Ligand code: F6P
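Okay, here we've got a single chain as structure tokens, the form predicted alone, with questions on binding and movement later.
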Amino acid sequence: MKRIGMLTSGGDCQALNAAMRGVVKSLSYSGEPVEIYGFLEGYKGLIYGNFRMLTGADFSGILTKGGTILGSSRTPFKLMREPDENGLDKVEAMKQNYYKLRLDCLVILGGNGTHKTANMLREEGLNVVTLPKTIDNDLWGTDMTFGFQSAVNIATDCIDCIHTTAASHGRVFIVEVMGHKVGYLTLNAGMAGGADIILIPEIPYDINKVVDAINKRSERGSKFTILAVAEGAISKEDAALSKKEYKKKMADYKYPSVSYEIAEKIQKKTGLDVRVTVPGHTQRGGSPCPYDRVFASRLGAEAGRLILKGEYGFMVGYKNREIVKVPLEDVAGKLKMVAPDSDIIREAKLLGISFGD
């Protein structure tokens, strides 16, 4: 009998349910008896012993369902070793709940912060297998994360829709795409949606270069311009600030987000009509696209295989078009960022896309 604990942590995204279904199906079809304990609301459930036993019926019909049937929450890694408001040792509580249920393994689905805590639990002696979830595609050790392609599709659809109204009114439109530290989502959606300017955190922008790109389009007879801007896009001036200086600036920040600051500066420098569209959490919602359904199912199936073989302490990832196992210690605490000199950036520039640099 295999006794498996399962939780989803951090921000939700498409295909979490498909990935969990893949794990459970691969374990069930192995012929070995299995019990699945689902911890509710991420690490909170593991800390406070909030779980429910899951059956095959819980995983039926969820391949196409977005979100997570277990619920999720953000439990920052930096606070994990700090007692809660009642003095509870969170790490010890997680270990005790693991041992109390006599679990063989924890299956943890999440992004960067989630993987830091998962690796900590491995270091504490628990058997852990993880799956890479994030719309940002910024997890180290894997070329792809599930949720990313679905989010690209949604952000691209938004840019596609903006094109018609931008062209009709001859406006400059900024579409703010999710991506606080990493620009993969904005880069891919921007290219797929035909954005003229793409601003990502890894390439600090010069607002004058952005304005030059807009003016050049106008000179060529283009009456509108589309900008895909990552929510974490940063100007060259701000990038040159120390952390303390930047934090102080943001404390007095008057804009809802960076896109509104960029919009105001473009309007002042060009006199053009500028609009901002923020698709926001729609990028994490809805049904997973077919790619993510297949991809998450494959990762889940491989996680089940590792569990049956007793191979723990790994993230199931994707490298060079193959499903691979990556040691958790190699993943935790690392961020995969867009390289400014990467092929995709070079090729985007060959297409005439400006990055404001």
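A residue's number is simply how far along the shown sequence it sits, counting from 1. If you're wondering where the values come from, they're calculated on a predicted model, not measured in any experiment.
This next part talks about the form predicted in complex with this ligand, which is not shown.
> Can you pick out, from Asp104, Glu231, Asp196, Asp238, the residue that has a heavy atom within 4.5 Å of this ligand in the predicted complex?
Contact residue from the list: Glu231.
> So this ligand isn't shown here. In the predicted complex, which residue out of Lys116, Arg284, Arg217, Arg171 has a non-hydrogen atom within 4.5 Å of it?
None of the others qualify; the residue that does is Arg284.
> Tell me, please, which stretch of 153-161, 129-137, 84-92, 219-227 lies within 4.5 angstroms of this ligand in the predicted complex when heavy atoms are compared?
Stretch with heavy atoms near the partner: 129-137.
> Within a 4.5 Å heavy atom cut-off, is Lys209 in contact with this ligand in the predicted complex?
Close contact is absent here: in the predicted complex, Lys209 is far from this ligand, nothing within 4.5 Å, heavy atoms only.
> Looking at the partner-bound form in the predicted complex, is Met178 within 4.5 Å of this ligand by any heavy atom?
Answer yes; at least one heavy atom of Met178 falls within 4.5 Å of this ligand in the predicted complex.
> Would Arg74 count as a contact of this ligand in the predicted complex, using a 4.5 angstroms cut-off between non-hydrogen atoms?
Flag for Arg74 set to yes.
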